[in-house]
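One chain comes next, on its own, written out as structure tokens in the form predicted alone.
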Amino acid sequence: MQLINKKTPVNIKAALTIATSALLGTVSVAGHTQESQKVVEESSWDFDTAFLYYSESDRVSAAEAIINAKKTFENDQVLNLKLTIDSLTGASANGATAQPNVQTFTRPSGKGSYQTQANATPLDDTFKDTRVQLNAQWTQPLAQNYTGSAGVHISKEYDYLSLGLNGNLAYDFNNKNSTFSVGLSYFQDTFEPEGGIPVAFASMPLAYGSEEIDSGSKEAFDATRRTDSDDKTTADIMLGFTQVINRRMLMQFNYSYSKVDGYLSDPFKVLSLVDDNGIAQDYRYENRPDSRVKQSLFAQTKYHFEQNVVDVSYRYMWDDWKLDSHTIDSKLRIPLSNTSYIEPHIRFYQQTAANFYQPFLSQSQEIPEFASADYRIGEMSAYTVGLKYGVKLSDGNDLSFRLEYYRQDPKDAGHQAPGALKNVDLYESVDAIIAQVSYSF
């Protein structure tokens, strides 16, 4: 979600440059802008708050609260603090295929099991987590036409810890109508999943500690685990250029490069091992490469008509997993009065499948080096449509409401479904509702 400061006059060109850097985590989107006017005295704190609710049909639900605080000091020095709290509950797809019969799966902890009904996508109903994230950012002029920013990031979940540092440098030229920026960030993440890190392609063991007569043992479960925790590192760089075309039009261009190393598999995802009739004979834990290089190009245009403001962006991403994606995002702000507006929003997303994505494993073929049935790295298209309503209150504070519908449609990436798998939905669509309330004061 994006929180916009309302009180401090800003250079919109430089603001967009640094705001887009937030795609890499190098600068917080909320409140980090270069100032076009000198601040003679320290300003009071400005606050942006938001509450967002996301709910998938019969799957995951998430509630998120954000508090962003900004203080501008003398000489255009800016301190930005942002607190984010997320709560996630519900059920998530475990990667196994639907079957014409009831299926039983061991819970990630190894203690107990859960079942999926016939012809239904297997969902792990143990999905539950709470995340607390804190970002702190300091921005200040370094020399004439140069503005620097540095920040820290910490995010903690039940089984996940993320620590990060970032920095950004922006240079204004051409009478401040052009800005070039470079951003760097580095993250160190540690994952301690419930039940530990599974051995790649190990068979899912029987649950232990249950009342089932044929329940497994803790020793058998531990034999499928290679360690209790693992980590990964992420290094990002982003180059940006922003240009004021005229008094009505602004354009932004970015290139980003990201290198990720370490544990990139999902310890909770499995693949069904099926026979020639499409019937699951076993469930194997997935395995992904331990490195990934992602690159992207981003372009954005804002145009101010007599009253309306249109904002259109396009992003192309590609990586060495052979996953390519295209994102088109458009917004149109329409004033209803001097104090209120509506903003329709349309977003379209499309991606190809990673080169190791496959919805199931076949007994008649050798186990590959890497494989995952996670639909999030499969071929898909998605779209979002929604509407935002904003109003400036009598005390000068801003209040807005946003309601959107999201639909994700996984696609058949060309894998031939044998036997029973022809009669089940291997690529089930996901529908979600997004609601948000924002208040700035």
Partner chain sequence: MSVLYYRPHRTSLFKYSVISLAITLASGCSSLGVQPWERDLLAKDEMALTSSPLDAALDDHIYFSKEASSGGKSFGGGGCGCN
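Positions refer to the first chain, counted from 1. Just so we're clear, the structure is a prediction, and the values are computed from it rather than from any experiment.
Separately, the form predicted together with the partner chain exists; it is not shown, and the next lines address it.
Enquirer: Considering the partner chain in the predicted complex, find the one stretch among 103-111, 217-225, 289-297, 140-148 with heavy atoms no farther than 4.5 Å from it.
Expert: That would be stretch 289-297.
Enquirer: Ok, 46, 412, 56, 409: which has a heavy atom sitting within 4.5 Å of the partner chain in the predicted complex?
Expert: It is 56 that has a heavy atom within 4.5 Å of the partner.
Enquirer: Wondering, does residue 238 line up within 4.5 Å of the partner chain in the predicted complex on heavy atoms?
Expert: Answer yes; at least one heavy atom of residue 238 falls within 4.5 Å of the partner chain in the predicted complex.
Enquirer: Can you check whether residue 71 is within 4.5 Å of the partner chain in the predicted complex, heavy atom basis?
Expert: Result no; residue 71 lies far from the partner chain in the predicted complex.
Enquirer: Taking the partner chain as it sits in the predicted complex, is residue 95 near enough to touch it, meaning that at least one heavy atom pair lies within 4.5 angstroms?
Expert: No.
Enquirer: Going by a heavy atom distance of 4.5 Å, is residue 387 a contact of the partner chain in the predicted complex?
Expert: Looking in the predicted complex, residue contacts with the partner chain do not include residue 387, since no heavy atom lies within 4.5 Å.
Enquirer: Candidate spot 116, 158 and 355, all three in 4.5 Å heavy atom range of the partner chain in the predicted complex?
Expert: Result no, not one residue of the spot touches the partner chain.
Enquirer: Going by the partner chain in the predicted complex, which residues of 221-260 come within 4.5 Å of it through any heavy atom?
Expert: Going through 221-260 in order - heavy atoms within 4.5 Å of the partner chain in the predicted complex - the hits are 232, 234, 236, 238, 241, 242, 243, 244, 245, 246, 247, 248, 249, 250, 252, 253, 254, 256.
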